[in-house]
Every structure is written in C-alpha cells, then in structure tokens.
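Here's a solo chain for you in structure tokens, the form predicted on its own.
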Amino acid sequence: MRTGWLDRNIKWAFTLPAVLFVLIMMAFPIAYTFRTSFYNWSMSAANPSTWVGLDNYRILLSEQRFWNAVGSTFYFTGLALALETVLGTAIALVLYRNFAGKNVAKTLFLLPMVATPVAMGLVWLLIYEPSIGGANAFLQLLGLKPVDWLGNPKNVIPSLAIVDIWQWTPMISLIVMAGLSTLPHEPYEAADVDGATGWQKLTQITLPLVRPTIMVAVMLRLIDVLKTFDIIYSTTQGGPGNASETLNIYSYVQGFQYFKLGMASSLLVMFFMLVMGLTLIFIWMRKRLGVQ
C-alpha cells in the first residue's frame, strides 16, 4: 500500500511548529541580545551602532554599581525564597488536613497569586507609606515605633521580600499540596500500627516523601524570584539610592533611561548566564541528594 509524503514524515510535521516557535520567540531574541552586547548603540539613527568587542562587559565588571546590583539580587532572592519555602510547605500541610471551611480558606489563600504584580506593588506602596500606611498603624497598635519601610536602605530589601512572600507563597503551597495528594497510605497505616506520633509521621514519612515536590517548587520559584522586576520597579524603582537595584532593574535603567542598549544587553547576557548557572547547580544538587 503506497503512503504519501505526509504519512512518511508525520513525526516531523507535528514537531515543526514547536521548533519554529522556539526559534522565533526564544532563540532569536537571545541571539540578537548576545550580538548587541558587543556594540555601542543608543537607538539613535544619527549615531549608528559601533563594534566595541568586550568593552561593555569590562566596564560593567569594573563598576561598583554592578556588584551592588548582584548583591541586591542575591539578598532579595535568598530571603524571599527561603521564607516562601518554609511558609508555603507549612501552610500546605495545614490546608491538606480536613477542617470546616477548608475550601473557602484555600480559595482565599490563593487570591494574592492571581493579582497583577504591578497593582499589588502600588497597594503595598500605600501600606508602607510612613505616615498614613497600614503597616506603621499596625506597629503602633502593638506599641512599637514606626518604620521607614522603603525609604531606609537597610529596610528596603526585606520590605520588598515581604511583598513577594505575600504574593507567591501560595504557589509553593499549591505545588506541595499536589505532592501531598499523591502520597501512599500504606506507610501511615504501618506507622499507626507501630504507635508513631503525629510529629514522627511528619518528619519520618511526610517530609521525606514530599521532598521531590518541594525541590521542584523551589527550583521554579528560584528562577522566578531572580527575575523579579514589576514589584520592585512599581514601588522603589531601585531606590533609595541604588539600595534595591537588582540586575533586572539595572539593565532596564541602562537600556531605557540611559539609552545604552549595548551595555543593557551585556547585563542581560550575564544575568541569563547567572540564572542558567544557578538552575544547573540546583539540578546537580538534586541528583547529588538522590531526589528524583
């Protein structure tokens, strides 16, 4: 029986649209940004782009502002990710239990995750307002002194991390709850027969079994937290001074405030390599720990 060309190449016909999408939407922008990073370009027709080789990278690596942005990126990411993981896992364990109003509690808890980050940034800007904001009003109710949440360089990164934690902890909880729902019942039945306590079942059965799911949730949030832009830009725009200027904010400033597109592209290339490197290290650590 004769078969047509389409029948003989059906596997390529189905995969070709996905390959074209990746090439057009992902590979081309990365390649174009990489090429631009070797040029001095101000988006002006009067000043055409000029080849500068590795000068953009050399200048960035010699700037203190660049290393401050690296430090702010790691500080914000580490603080937000650690607290989101601990709180998200704890809340998932609570919400997984049966209690009255469980579905209502789960729905309310997930609401921050569906809100627009820029809108939430503006809401938190009002909450953190020193004189009329709700955050300082709450502190005064407790008899504590008001805090300059976003105006003090020492407070600004923890304050921004609180916003990120408030909005994205539900994502960790959602993923961990999905993992909890797949756990087998047999280990718990055996533990009941042996007279194990609730704490022993949590630490010896639940957490080890759900650890692969937690690791996946942490990896997804790691990539996302590193790239946080909207919450920071809508509240502080990298200030006060450059205290909350992460690599993402700094690349935006270079590109669309200073119009140094070559410098901004160099920053983005290094930022891309940083995110990729940390992700690969995290995957390697998962394998070393025996987490599948």
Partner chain sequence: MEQQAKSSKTITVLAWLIVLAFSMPFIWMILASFKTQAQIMSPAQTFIFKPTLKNYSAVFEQYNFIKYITNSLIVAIGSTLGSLLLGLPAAYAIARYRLQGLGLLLLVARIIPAITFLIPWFILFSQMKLIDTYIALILSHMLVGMPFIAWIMISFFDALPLEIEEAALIDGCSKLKVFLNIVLPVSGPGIITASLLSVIFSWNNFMFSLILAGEKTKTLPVAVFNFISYSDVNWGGLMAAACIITLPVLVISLVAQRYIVSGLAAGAVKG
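Numbering follows the first chain given and starts at 1. Rigid core (definition): largest C-alpha set, two forms, superposition within 1.5 Å. All values derive from a computational prediction rather than experimental measurement.
Here the subject shifts to the form predicted in complex with the partner chain, a form of this protein not shown in this document.
- Contact with the partner chain in the predicted complex, defined as any heavy atom within 4.5 Å, is confined among 87-95, 180-188, 195-203, 69-77 to 87-95.
- Shown here without its partner, the chain carries L61, A161 and M215, none of which come within 4.5 Å of the partner chain in the predicted complex through any heavy atom.
- Between the partner chain and the residues L207, L126, L144, A82, the one pair within 4.5 Å by heavy atoms in the predicted complex involves L126.
- When contacts are judged by a 4.5 Å heavy atom cut-off, D55 does not count as touching the partner chain in the predicted complex.
- With a 4.5 Å cutoff on heavy atoms, L6 counts as touching the partner chain in the predicted complex.
- The closest heavy atom approach of L139 to the partner chain in the predicted complex falls outside 4.5 Å.
- Proximity of F282 to the partner chain in the predicted complex falls outside the 4.5 Å heavy atom cutoff.
- Taking the partner chain as it sits in the predicted complex, the stretch 104-126 comes within 4.5 angstroms of it through a non-hydrogen atom at V104, A105, T107, L108, F109, L110, L111, P112, M113, V114, A115, T116, P117, V118, A119, M120, L122, V123, W124, L125, L126.
- Relative to the superposed rigid core, the position of the CA of G277 differs between this form and the one not shown by less than 2 Å.
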